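The chain below stands alone, shown as structure tokens; this is the form predicted on its own.
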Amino acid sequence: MGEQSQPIAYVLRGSTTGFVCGTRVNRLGATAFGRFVRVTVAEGGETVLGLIYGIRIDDDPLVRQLVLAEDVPESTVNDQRVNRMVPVEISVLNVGYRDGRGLHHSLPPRPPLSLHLVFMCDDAEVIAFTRELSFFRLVLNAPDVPSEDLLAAALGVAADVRESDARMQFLIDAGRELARLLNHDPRRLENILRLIKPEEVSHE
């Protein structure tokens, strides 16, 4: 996988099922719910792949004072947003990993460690990982995660990075895989299919 020039965050804590990373407010533009990220966890190139499912911005004493003040200068607000030392926390669900044998749509053998660098996956990496859809079960079965919305958002990301003539086929294949996995839960299936339906189809 090709390295990107700048990390978007550093790992704070992790497990085999997921990790939390920290970043600054001015780096939030590169992140979003449902985006694919990666962390190299071993010298041999073993890389954990995950989906962003939560972004949390904590307050601090200065913010608490500012929200009670009147007519706070815009320069003060911007300075607080850009230079504040309280990190933005990004929660990631592990959905696969890459090692010397290739890509695996299963939980990684080891978690990333604190201060490992976190990068956004580029378009080629997203396409390569989503050629197979067996990671769906990890998302659908994940506890304490908005799994339906997360999977729908991830599928939207994966569709958008494909050529226009391949997007619809990708979503059709995803729908078929979802139907196979959720044939016992039609309500859940219907909800995800509604979320991934392209806009031009939704408005017909």
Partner chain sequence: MNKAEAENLDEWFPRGPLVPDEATKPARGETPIRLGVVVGGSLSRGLAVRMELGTPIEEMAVGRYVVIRGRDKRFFGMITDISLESSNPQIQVSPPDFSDPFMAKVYSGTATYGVLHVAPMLVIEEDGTARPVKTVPSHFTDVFAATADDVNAVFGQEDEVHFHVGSPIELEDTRVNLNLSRLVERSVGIFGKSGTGKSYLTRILISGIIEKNAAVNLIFDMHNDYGWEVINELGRRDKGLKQLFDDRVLIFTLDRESSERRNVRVDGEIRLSLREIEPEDLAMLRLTLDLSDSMVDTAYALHRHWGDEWIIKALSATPDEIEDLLERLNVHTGSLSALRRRLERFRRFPFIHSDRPDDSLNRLIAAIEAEKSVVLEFGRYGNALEAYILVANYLTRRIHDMYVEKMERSLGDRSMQPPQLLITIEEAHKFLDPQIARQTIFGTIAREMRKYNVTLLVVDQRPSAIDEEVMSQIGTRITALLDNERDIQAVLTGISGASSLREVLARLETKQQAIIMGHAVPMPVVIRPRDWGLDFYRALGYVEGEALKEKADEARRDLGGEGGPRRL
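This structure is a prediction, so every number in the text was calculated from the model and none was measured. Positions refer to the first chain, counted from 1.
Keep in mind that the form predicted together with its partner chain is missing from the display, and what follows is about it.
Asker: Taking 38, 105 and 125 as a possible spot, do all three reach its partner chain in the model of the complex with a heavy atom inside 4.5 Å?
Answerer: Affirmative, all three are within 4.5 Å.
Asker: Please determine, with the chain shown alone, which of 146 to 154, 24 to 32, 51 to 59, 131 to 139 has non-hydrogen atoms within 4.5 Å of its partner chain in the model of the complex.
Answerer: Every other range fails; the passing one is 131 to 139.
Asker: Even though the partner isn't displayed, in the model of the complex is residue 179 close enough to its partner chain, meaning a heavy atom within 4.5 Å?
Answerer: Because a heavy atom of residue 179 falls inside 4.5 Å of its partner chain in the model of the complex, the answer is yes.
Asker: Do residue 20 and its partner chain come within 4.5 Å of each other in the model of the complex, heavy atoms counted?
Answerer: So residue 20 does not count as contacting its partner chain.
Asker: Although the partner isn't part of this model, could you tell me whether residue 98 comes within 4.5 Å of its partner chain in the model of the complex, counting any heavy atom of the residue?
Answerer: Residue 98 belongs to the contact set for its partner chain.
Asker: Indicate whether residue 171 is a 4.5 Å heavy atom neighbour of its partner chain in the model of the complex.
Answerer: Yes, residue 171 lies within 4.5 Å of its partner chain in the model of the complex.
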